[in-house]
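Encoded as C-alpha coordinates, the following chain is the form predicted on its own, with no partner shown.
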Amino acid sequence: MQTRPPVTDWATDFDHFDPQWTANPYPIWADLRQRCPVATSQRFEDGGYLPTRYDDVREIAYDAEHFSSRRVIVREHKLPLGASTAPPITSDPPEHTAARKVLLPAFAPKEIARLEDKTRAVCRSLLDAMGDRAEVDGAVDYAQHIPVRVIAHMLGVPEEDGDLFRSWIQRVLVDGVRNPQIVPPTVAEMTAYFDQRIDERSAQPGEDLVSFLLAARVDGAPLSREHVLGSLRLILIAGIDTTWSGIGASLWHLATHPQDRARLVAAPGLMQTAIEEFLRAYSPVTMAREVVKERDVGGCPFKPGGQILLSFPAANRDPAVFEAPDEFRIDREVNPHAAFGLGRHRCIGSNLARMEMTIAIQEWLARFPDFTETPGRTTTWSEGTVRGPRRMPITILRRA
(Lines give C-alpha, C1' and ligand atoms only; values in the text may rest on other atoms or scores of the structure.)
Protein backbone atom coordinates (compact mmCIF):
# COMPACT_ATOMS: atom_id res chain seq x y z
CA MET A 1 0.00 0.00 0.00
CA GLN A 2 1.24 3.48 -0.81
CA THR A 3 2.79 5.38 2.11
CA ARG A 4 0.95 8.63 2.76
CA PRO A 5 2.33 11.53 4.80
CA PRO A 6 0.18 12.21 7.87
CA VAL A 7 -2.11 15.22 7.95
CA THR A 8 -0.68 18.09 9.96
CA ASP A 9 -3.50 20.61 9.38
CA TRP A 10 -6.92 19.38 8.39
CA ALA A 11 -7.96 22.83 7.21
CA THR A 12 -5.34 23.00 4.44
CA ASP A 13 -4.26 19.38 3.90
CA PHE A 14 -7.24 17.08 4.48
CA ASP A 15 -6.95 13.42 3.48
CA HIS A 16 -9.88 11.03 3.83
CA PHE A 17 -7.42 8.11 3.80
CA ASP A 18 -5.54 9.30 6.88
CA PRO A 19 -5.73 6.74 9.73
CA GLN A 20 -7.12 9.40 12.07
CA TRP A 21 -10.02 10.01 9.67
CA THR A 22 -10.62 6.28 9.20
CA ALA A 23 -10.72 5.63 12.94
CA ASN A 24 -12.92 8.58 13.94
CA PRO A 25 -13.67 11.45 11.54
CA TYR A 26 -16.30 13.17 13.69
CA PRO A 27 -13.98 15.34 15.84
CA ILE A 28 -12.19 16.43 12.67
CA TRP A 29 -15.42 17.73 11.14
CA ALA A 30 -16.49 19.41 14.37
CA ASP A 31 -13.18 21.26 14.59
CA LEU A 32 -13.33 22.36 10.95
CA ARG A 33 -16.87 23.71 11.28
CA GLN A 34 -15.65 26.04 14.01
CA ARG A 35 -12.45 27.36 12.41
CA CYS A 36 -12.52 26.53 8.68
CA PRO A 37 -15.87 25.15 7.46
CA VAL A 38 -14.54 24.56 3.94
CA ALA A 39 -11.19 22.75 4.14
CA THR A 40 -8.83 22.47 1.18
CA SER A 41 -6.08 20.09 0.10
CA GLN A 42 -3.51 19.81 -2.67
CA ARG A 43 -3.25 16.03 -2.33
CA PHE A 44 -5.78 15.69 -5.13
CA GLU A 45 -5.35 16.74 -8.76
CA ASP A 46 -6.51 20.36 -9.32
CA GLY A 47 -7.07 20.72 -5.57
CA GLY A 48 -9.66 19.34 -3.16
CA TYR A 49 -12.44 20.98 -1.14
CA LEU A 50 -14.25 19.65 1.93
CA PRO A 51 -17.39 21.53 3.08
CA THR A 52 -18.46 20.44 6.56
CA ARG A 53 -21.66 22.44 7.16
CA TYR A 54 -25.09 21.17 6.17
CA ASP A 55 -26.12 24.34 4.32
CA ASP A 56 -22.90 24.43 2.26
CA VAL A 57 -23.20 20.75 1.33
CA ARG A 58 -26.83 21.32 0.36
CA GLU A 59 -25.98 24.39 -1.75
CA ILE A 60 -23.38 22.48 -3.73
CA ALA A 61 -25.58 19.42 -4.15
CA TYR A 62 -28.35 21.50 -5.71
CA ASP A 63 -26.09 23.55 -8.01
CA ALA A 64 -25.36 21.52 -11.15
CA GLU A 65 -24.38 24.64 -13.09
CA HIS A 66 -21.21 25.17 -11.07
CA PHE A 67 -20.65 21.69 -9.62
CA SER A 68 -20.79 18.70 -11.96
CA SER A 69 -21.46 15.08 -11.05
CA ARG A 70 -19.30 13.78 -13.89
CA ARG A 71 -16.73 12.70 -11.30
CA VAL A 72 -18.28 11.16 -8.17
CA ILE A 73 -15.09 10.02 -6.42
CA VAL A 74 -12.29 12.33 -5.27
CA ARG A 75 -9.06 10.84 -6.63
CA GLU A 76 -5.41 11.75 -6.36
CA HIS A 77 -5.25 11.61 -10.16
CA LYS A 78 -8.40 12.07 -12.22
CA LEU A 79 -9.59 9.42 -14.62
CA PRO A 80 -10.34 10.52 -18.19
CA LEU A 81 -13.93 11.72 -18.53
CA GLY A 82 -16.15 8.85 -19.60
CA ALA A 83 -13.77 6.20 -18.23
CA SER A 84 -16.34 4.96 -15.74
CA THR A 85 -19.79 6.34 -16.52
CA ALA A 86 -22.68 5.14 -14.39
CA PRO A 87 -25.91 6.92 -15.31
CA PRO A 88 -27.72 8.61 -13.68
CA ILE A 89 -25.20 9.23 -10.89
CA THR A 90 -22.43 10.50 -13.22
CA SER A 91 -24.70 12.64 -15.38
CA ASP A 92 -25.90 16.24 -15.14
CA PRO A 93 -29.10 17.84 -16.45
CA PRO A 94 -30.66 17.37 -18.90
CA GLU A 95 -29.31 13.81 -19.43
CA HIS A 96 -29.69 13.04 -15.74
CA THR A 97 -33.47 13.49 -15.70
CA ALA A 98 -34.21 10.78 -18.25
CA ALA A 99 -31.60 8.38 -16.86
CA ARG A 100 -33.03 8.68 -13.35
CA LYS A 101 -36.63 8.36 -14.52
CA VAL A 102 -35.79 5.04 -16.18
CA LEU A 103 -34.67 3.46 -12.90
CA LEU A 104 -37.30 4.85 -10.53
CA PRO A 105 -40.00 2.19 -11.15
CA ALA A 106 -37.62 -0.66 -10.31
CA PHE A 107 -36.92 0.85 -6.88
CA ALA A 108 -40.44 2.01 -6.00
CA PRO A 109 -41.78 0.97 -2.57
CA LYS A 110 -44.09 -1.72 -3.95
CA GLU A 111 -41.21 -3.34 -5.83
CA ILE A 112 -38.94 -3.27 -2.80
CA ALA A 113 -41.71 -4.76 -0.64
CA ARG A 114 -41.58 -7.85 -2.87
CA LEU A 115 -37.99 -8.40 -1.77
CA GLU A 116 -38.71 -8.50 1.96
CA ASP A 117 -39.20 -12.27 2.18
CA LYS A 118 -36.00 -12.89 0.23
CA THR A 119 -34.05 -10.49 2.44
CA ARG A 120 -35.40 -12.09 5.61
CA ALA A 121 -34.49 -15.55 4.31
CA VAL A 122 -30.96 -14.37 3.54
CA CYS A 123 -30.53 -12.94 7.04
CA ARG A 124 -31.84 -16.08 8.72
CA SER A 125 -29.59 -18.34 6.67
CA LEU A 126 -26.56 -16.28 7.68
CA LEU A 127 -27.57 -16.41 11.34
CA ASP A 128 -28.13 -20.16 11.07
CA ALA A 129 -24.62 -20.57 9.68
CA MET A 130 -23.16 -18.94 12.81
CA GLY A 131 -24.46 -21.88 14.83
CA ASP A 132 -23.58 -21.82 18.53
CA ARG A 133 -20.35 -19.86 18.19
CA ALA A 134 -19.68 -17.56 21.12
CA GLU A 135 -17.85 -15.06 18.91
CA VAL A 136 -18.76 -13.97 15.38
CA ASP A 137 -17.75 -11.22 13.00
CA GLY A 138 -20.77 -9.01 12.53
CA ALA A 139 -19.34 -7.54 9.33
CA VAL A 140 -17.73 -10.54 7.60
CA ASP A 141 -20.23 -13.18 8.74
CA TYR A 142 -23.38 -11.11 8.37
CA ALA A 143 -23.59 -7.50 7.14
CA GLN A 144 -21.33 -7.90 4.10
CA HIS A 145 -23.39 -10.75 2.66
CA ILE A 146 -26.91 -9.35 2.86
CA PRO A 147 -26.90 -6.66 0.12
CA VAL A 148 -24.63 -8.81 -2.06
CA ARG A 149 -27.20 -11.60 -2.14
CA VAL A 150 -30.17 -9.26 -2.50
CA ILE A 151 -28.60 -7.32 -5.39
CA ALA A 152 -27.53 -10.57 -7.08
CA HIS A 153 -31.15 -11.72 -6.82
CA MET A 154 -32.40 -8.47 -8.33
CA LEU A 155 -29.90 -8.66 -11.18
CA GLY A 156 -30.60 -12.33 -11.79
CA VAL A 157 -26.95 -13.33 -11.36
CA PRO A 158 -25.43 -16.05 -9.14
CA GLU A 159 -25.13 -15.17 -5.45
CA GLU A 160 -21.90 -17.18 -5.50
CA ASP A 161 -20.29 -14.30 -7.44
CA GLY A 162 -20.29 -12.23 -4.24
CA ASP A 163 -16.52 -12.49 -3.74
CA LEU A 164 -16.02 -11.10 -7.23
CA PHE A 165 -18.38 -8.20 -6.51
CA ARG A 166 -16.52 -7.40 -3.28
CA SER A 167 -13.23 -7.40 -5.15
CA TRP A 168 -14.57 -4.88 -7.68
CA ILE A 169 -15.84 -2.61 -4.91
CA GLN A 170 -12.48 -2.65 -3.13
CA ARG A 171 -10.62 -1.81 -6.33
CA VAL A 172 -12.99 0.95 -7.49
CA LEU A 173 -13.80 2.70 -4.20
CA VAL A 174 -10.57 2.22 -2.23
CA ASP A 175 -7.49 1.03 -4.11
CA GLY A 176 -8.34 2.94 -7.29
CA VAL A 177 -8.54 6.28 -5.50
CA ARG A 178 -4.82 6.13 -4.80
CA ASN A 179 -3.82 4.13 -7.87
CA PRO A 180 -6.02 5.09 -10.84
CA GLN A 181 -4.38 2.48 -13.06
CA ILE A 182 -6.41 -0.13 -11.19
CA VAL A 183 -9.75 1.31 -12.27
CA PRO A 184 -9.83 0.78 -16.08
CA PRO A 185 -9.13 -2.99 -15.94
CA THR A 186 -11.65 -3.34 -13.11
CA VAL A 187 -14.31 -1.54 -15.14
CA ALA A 188 -13.40 -3.77 -18.07
CA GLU A 189 -13.97 -6.85 -15.91
CA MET A 190 -17.36 -5.57 -14.82
CA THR A 191 -18.25 -4.70 -18.40
CA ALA A 192 -17.33 -8.16 -19.65
CA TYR A 193 -19.40 -9.73 -16.86
CA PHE A 194 -22.48 -7.69 -17.67
CA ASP A 195 -21.97 -7.99 -21.42
CA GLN A 196 -22.56 -11.70 -21.00
CA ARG A 197 -25.66 -11.11 -18.88
CA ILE A 198 -27.03 -8.69 -21.50
CA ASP A 199 -26.54 -11.23 -24.28
CA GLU A 200 -28.30 -13.88 -22.20
CA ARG A 201 -31.27 -11.65 -21.37
CA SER A 202 -31.54 -10.35 -24.92
CA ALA A 203 -32.10 -13.93 -26.02
CA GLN A 204 -34.26 -14.89 -23.06
CA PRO A 205 -35.69 -12.03 -20.93
CA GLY A 206 -36.47 -12.65 -17.29
CA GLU A 207 -37.84 -10.89 -14.21
CA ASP A 208 -34.62 -9.09 -13.32
CA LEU A 209 -32.97 -5.68 -13.60
CA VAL A 210 -30.93 -6.59 -16.67
CA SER A 211 -34.12 -7.44 -18.57
CA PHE A 212 -35.81 -4.36 -17.11
CA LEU A 213 -33.12 -2.06 -18.51
CA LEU A 214 -33.14 -3.77 -21.89
CA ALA A 215 -36.89 -3.19 -22.12
CA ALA A 216 -36.69 0.44 -20.98
CA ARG A 217 -37.34 3.27 -23.42
CA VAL A 218 -36.46 6.98 -23.46
CA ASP A 219 -38.52 8.98 -25.94
CA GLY A 220 -39.48 5.69 -27.56
CA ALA A 221 -35.89 4.54 -28.10
CA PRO A 222 -34.09 1.74 -26.22
CA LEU A 223 -31.14 2.56 -24.01
CA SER A 224 -27.74 2.26 -25.61
CA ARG A 225 -25.69 -0.76 -24.59
CA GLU A 226 -23.20 1.54 -22.85
CA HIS A 227 -26.03 3.15 -20.87
CA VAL A 228 -27.28 -0.27 -19.76
CA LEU A 229 -23.76 -1.35 -18.80
CA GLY A 230 -23.16 1.87 -16.86
CA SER A 231 -26.42 1.56 -14.94
CA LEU A 232 -25.68 -2.07 -14.08
CA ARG A 233 -22.24 -1.10 -12.77
CA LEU A 234 -23.88 1.61 -10.68
CA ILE A 235 -26.52 -0.71 -9.22
CA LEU A 236 -23.87 -3.24 -8.26
CA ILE A 237 -21.36 -0.82 -6.72
CA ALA A 238 -23.83 1.60 -5.13
CA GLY A 239 -26.20 -1.06 -3.84
CA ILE A 240 -23.72 -3.23 -1.94
CA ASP A 241 -20.94 -1.47 -0.05
CA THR A 242 -23.14 1.40 1.10
CA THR A 243 -25.81 -0.84 2.58
CA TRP A 244 -23.53 -3.38 4.23
CA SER A 245 -21.72 -0.43 5.80
CA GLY A 246 -25.01 0.91 7.15
CA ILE A 247 -25.99 -2.48 8.56
CA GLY A 248 -22.55 -3.00 10.06
CA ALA A 249 -22.40 0.44 11.69
CA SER A 250 -25.85 -0.11 13.20
CA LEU A 251 -24.77 -3.43 14.72
CA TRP A 252 -21.57 -1.84 15.99
CA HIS A 253 -23.57 0.86 17.74
CA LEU A 254 -25.84 -1.69 19.38
CA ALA A 255 -22.83 -3.78 20.42
CA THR A 256 -21.18 -0.79 22.09
CA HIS A 257 -24.27 0.94 23.53
CA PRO A 258 -26.10 -1.61 25.72
CA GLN A 259 -28.81 0.82 26.81
CA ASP A 260 -29.88 1.48 23.22
CA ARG A 261 -29.73 -2.23 22.45
CA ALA A 262 -31.90 -3.14 25.43
CA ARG A 263 -34.37 -0.38 24.65
CA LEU A 264 -34.78 -1.45 21.03
CA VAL A 265 -35.28 -5.09 22.04
CA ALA A 266 -37.89 -4.08 24.62
CA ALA A 267 -39.63 -1.57 22.31
CA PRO A 268 -39.42 -2.81 18.71
CA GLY A 269 -41.82 -0.03 17.71
CA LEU A 270 -38.82 2.28 17.86
CA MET A 271 -37.21 0.53 14.91
CA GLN A 272 -38.21 3.15 12.32
CA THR A 273 -36.75 6.11 14.21
CA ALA A 274 -33.73 3.99 15.16
CA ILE A 275 -32.97 3.21 11.52
CA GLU A 276 -33.17 6.90 10.61
CA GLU A 277 -30.84 7.75 13.48
CA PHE A 278 -28.40 5.04 12.42
CA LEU A 279 -28.44 6.60 8.96
CA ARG A 280 -27.84 10.08 10.33
CA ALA A 281 -25.20 9.27 12.92
CA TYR A 282 -23.27 6.75 10.83
CA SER A 283 -24.00 7.85 7.28
CA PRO A 284 -21.81 5.63 5.11
CA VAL A 285 -21.66 7.58 1.86
CA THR A 286 -19.56 10.54 0.77
CA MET A 287 -19.95 11.62 -2.85
CA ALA A 288 -17.98 14.08 -4.97
CA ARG A 289 -18.46 16.93 -7.39
CA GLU A 290 -16.12 18.66 -9.83
CA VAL A 291 -16.08 22.45 -10.04
CA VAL A 292 -16.92 23.54 -13.60
CA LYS A 293 -17.55 27.25 -12.94
CA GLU A 294 -16.02 29.37 -10.22
CA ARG A 295 -18.36 29.90 -7.29
CA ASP A 296 -18.07 31.10 -3.71
CA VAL A 297 -19.67 28.87 -1.09
CA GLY A 298 -19.32 29.34 2.63
CA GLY A 299 -16.83 32.14 2.11
CA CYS A 300 -14.52 29.92 0.07
CA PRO A 301 -13.87 30.38 -3.68
CA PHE A 302 -14.18 27.09 -5.56
CA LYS A 303 -11.91 27.05 -8.62
CA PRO A 304 -12.75 25.17 -11.87
CA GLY A 305 -11.30 21.68 -11.96
CA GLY A 306 -11.28 21.31 -8.19
CA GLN A 307 -12.63 18.11 -6.66
CA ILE A 308 -15.19 18.42 -3.86
CA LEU A 309 -15.49 15.79 -1.16
CA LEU A 310 -19.22 16.23 -0.63
CA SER A 311 -19.57 14.79 2.85
CA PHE A 312 -23.18 14.00 3.67
CA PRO A 313 -21.93 12.36 6.91
CA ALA A 314 -20.35 15.66 7.98
CA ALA A 315 -23.55 17.53 7.13
CA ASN A 316 -25.47 15.12 9.35
CA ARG A 317 -23.38 16.12 12.36
CA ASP A 318 -23.95 19.88 11.97
CA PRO A 319 -25.26 21.40 15.23
CA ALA A 320 -26.95 24.17 13.24
CA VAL A 321 -29.43 21.57 11.96
CA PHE A 322 -29.40 18.71 14.50
CA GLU A 323 -29.75 19.10 18.25
CA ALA A 324 -26.85 17.41 20.03
CA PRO A 325 -25.59 15.97 16.72
CA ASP A 326 -22.89 13.76 18.25
CA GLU A 327 -25.43 12.15 20.56
CA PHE A 328 -27.27 9.09 19.24
CA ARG A 329 -30.97 9.42 20.07
CA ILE A 330 -32.87 6.29 19.25
CA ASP A 331 -36.19 8.17 19.33
CA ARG A 332 -35.04 11.32 17.47
CA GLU A 333 -38.16 12.51 15.63
CA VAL A 334 -36.92 15.67 13.87
CA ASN A 335 -34.29 14.13 11.63
CA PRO A 336 -33.83 15.75 8.17
CA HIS A 337 -30.66 13.76 7.56
CA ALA A 338 -28.86 13.68 4.22
CA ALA A 339 -27.62 10.09 4.39
CA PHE A 340 -29.09 9.42 0.94
CA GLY A 341 -27.84 12.68 -0.51
CA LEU A 342 -29.56 15.92 -1.42
CA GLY A 343 -30.99 17.32 -4.61
CA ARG A 344 -31.54 15.61 -7.92
CA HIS A 345 -28.99 12.89 -7.16
CA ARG A 346 -30.69 11.71 -3.99
CA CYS A 347 -30.22 7.95 -3.81
CA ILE A 348 -32.69 5.98 -5.93
CA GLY A 349 -32.09 2.93 -3.75
CA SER A 350 -33.09 4.51 -0.44
CA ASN A 351 -36.20 2.32 -0.13
CA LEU A 352 -34.08 -0.79 -0.69
CA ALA A 353 -31.40 0.27 1.80
CA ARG A 354 -33.94 1.08 4.52
CA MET A 355 -35.68 -2.26 4.02
CA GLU A 356 -32.44 -4.25 4.16
CA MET A 357 -31.21 -2.40 7.24
CA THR A 358 -34.52 -2.83 9.04
CA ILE A 359 -34.81 -6.55 8.38
CA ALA A 360 -31.13 -7.18 9.10
CA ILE A 361 -31.38 -5.54 12.54
CA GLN A 362 -34.75 -7.15 13.31
CA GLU A 363 -33.50 -10.64 12.53
CA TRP A 364 -30.22 -10.17 14.38
CA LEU A 365 -31.95 -8.94 17.54
CA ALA A 366 -34.52 -11.74 17.32
CA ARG A 367 -31.65 -14.24 17.40
CA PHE A 368 -29.10 -12.37 19.55
CA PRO A 369 -30.85 -9.92 21.93
CA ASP A 370 -27.66 -9.39 23.97
CA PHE A 371 -24.17 -9.03 22.52
CA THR A 372 -21.11 -6.84 22.80
CA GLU A 373 -17.97 -5.89 20.97
CA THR A 374 -15.46 -8.56 21.96
CA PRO A 375 -13.31 -7.24 24.85
CA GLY A 376 -9.70 -6.66 23.89
CA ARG A 377 -10.46 -6.57 20.17
CA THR A 378 -11.40 -3.62 18.02
CA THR A 379 -13.54 -2.99 14.96
CA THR A 380 -11.73 -2.17 11.72
CA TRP A 381 -13.33 0.56 9.62
CA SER A 382 -13.09 0.98 5.86
CA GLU A 383 -11.07 3.71 4.21
CA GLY A 384 -12.11 6.41 1.80
CA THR A 385 -15.46 7.18 0.22
CA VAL A 386 -17.70 4.71 2.09
CA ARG A 387 -17.40 4.23 5.85
CA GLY A 388 -18.43 1.06 7.61
CA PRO A 389 -17.02 -1.84 9.64
CA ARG A 390 -14.83 -4.28 7.72
CA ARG A 391 -14.02 -6.46 10.73
CA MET A 392 -16.30 -6.40 13.75
CA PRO A 393 -15.61 -8.97 16.51
CA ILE A 394 -18.80 -9.59 18.48
CA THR A 395 -19.34 -11.79 21.51
CA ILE A 396 -22.83 -13.25 21.86
CA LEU A 397 -24.00 -12.89 25.46
CA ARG A 398 -27.49 -14.32 25.11
CA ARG A 399 -29.48 -16.15 22.43
CA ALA A 400 -33.24 -15.91 22.10
Partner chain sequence: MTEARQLRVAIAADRCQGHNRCCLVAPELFEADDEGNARVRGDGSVPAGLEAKAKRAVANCPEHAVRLTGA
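Every value quoted in this text rests on a predicted model; they were computed, and no experiment measured them. Numbering follows the first chain given and starts at 1.
Just so you know, the form predicted in complex with the partner chain exists too; it's not on screen, but the next bit is about it.
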_So if I measure heavy atom distances to the partner chain in the model of the complex, which of the stretches 22-30, 43-51, 332-340, 363-371 falls within 4.5 Å?_
332-340
*Ok, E76, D141, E276, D208: which has a heavy atom sitting within 4.5 Å of the partner chain in the model of the complex?*
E276
*Tell me, out of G305, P105, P319, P222, which residue has a non-hydrogen atom within 4.5 angstroms of the partner chain in the model of the complex.*
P105
*Is every one of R166, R178 and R390 in contact with the partner chain in the model of the complex, taking contact as a heavy atom within 4.5 Å?*
no
_Please tell me whether any heavy atom belonging to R70 falls inside 4.5 Å of a heavy atom of the partner chain, as the geometry stands in the model of the complex._
no
*With heavy atoms only and a cut-off of 4.5 Å, decide whether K101 touches the partner chain in the model of the complex.*
yes
*Look up in the model of the complex whether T256 has a non-hydrogen atom within 4.5 angstroms of the partner chain, and give yes or no.*
no
*Would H66 count as a contact of the partner chain in the model of the complex, using a 4.5 angstroms cut-off between non-hydrogen atoms?*
no
*Could you list which residues of 347-365 come within 4.5 Å of the partner chain in the model of the complex, counting heavy atoms only?*
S350, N351, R354
